[in-house]
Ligand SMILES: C[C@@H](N)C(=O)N[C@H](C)C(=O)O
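First, one chain by itself in structure tokens, the form predicted alone.
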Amino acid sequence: MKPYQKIPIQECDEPLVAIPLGKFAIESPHPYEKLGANYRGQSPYSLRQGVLEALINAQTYLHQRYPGWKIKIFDAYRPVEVQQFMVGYTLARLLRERGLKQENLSSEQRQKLLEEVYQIWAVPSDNPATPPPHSTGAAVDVTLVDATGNTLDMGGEIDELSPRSHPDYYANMTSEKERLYCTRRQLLYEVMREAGFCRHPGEWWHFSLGDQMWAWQHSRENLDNFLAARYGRVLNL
């Protein structure tokens, strides 16, 4: 169990709504659907109503600083079944890259590989007390697009299983390109934070508002103001 999963959830029953895609840049087709993930008819480009409103605000803050730029949505709502699919996909990719076969793994080897996978992917838990963040409709993976429509190089790919995924990976580096990566990540962080989001401690692209991770981070920063999460796993779609 990760620390944020101990945060209680007081579900507010706010609806999951479609993201107005014309306001943002998106990945199309959706990256996980291209890999074979089955969303069972539900659009991955969905968020809780309040989270969507905050994301629109973040886009406004970005426009105020860089007219014509857009937030690019890589992923938003993700059912637990898709979370399980992506965990399996990432594990299989690691096995291929290392020339290993799953049937030949010891339990210890498998556990170590899964620990690597879970550096990026939340455990696809069915427990309502410990939902994967994206299954709540309160988490979104984003990057930036400039006024010409080009996706900015952030010095690492979304979902990259490497140290470069850490938000501050380039913070103390000195080359011009590395400083640019750091500046772009900081810009994304600032416009999302201004809209009320918290960033995942280990992923430059992952932001949430109202879920357990958000409440955990908020409570750590404001010790006299403990918050419960208001969004749990989305059910009964």
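All residue numbers are counted from 1 along the displayed sequence. Owing to the predicted nature of the structure, the values given are computational and were not obtained by experimental measurement.
Here the subject shifts to the form predicted in complex with the ligand, a form of this protein not shown in this document.
- From the list 169-177, 35-43, 183-191, 197-205, the contact stretch for the ligand in the predicted bound form under a 4.5 Å heavy atom rule is 197-205.
- Thr143 falls outside the set of residues with a heavy atom inside 4.5 Å of the ligand in the predicted bound form.
- In the predicted bound form, the ligand sits within 4.5 Å of a heavy atom of Ala122.
- Candidate site formed by Arg78, Pro133 and Asp159: every one of these residues places a non-hydrogen atom within 4.5 angstroms of the ligand in the predicted bound form.
- In the predicted bound form, no residue of 221-235 lies within 4.5 Å of the ligand by any heavy atom.
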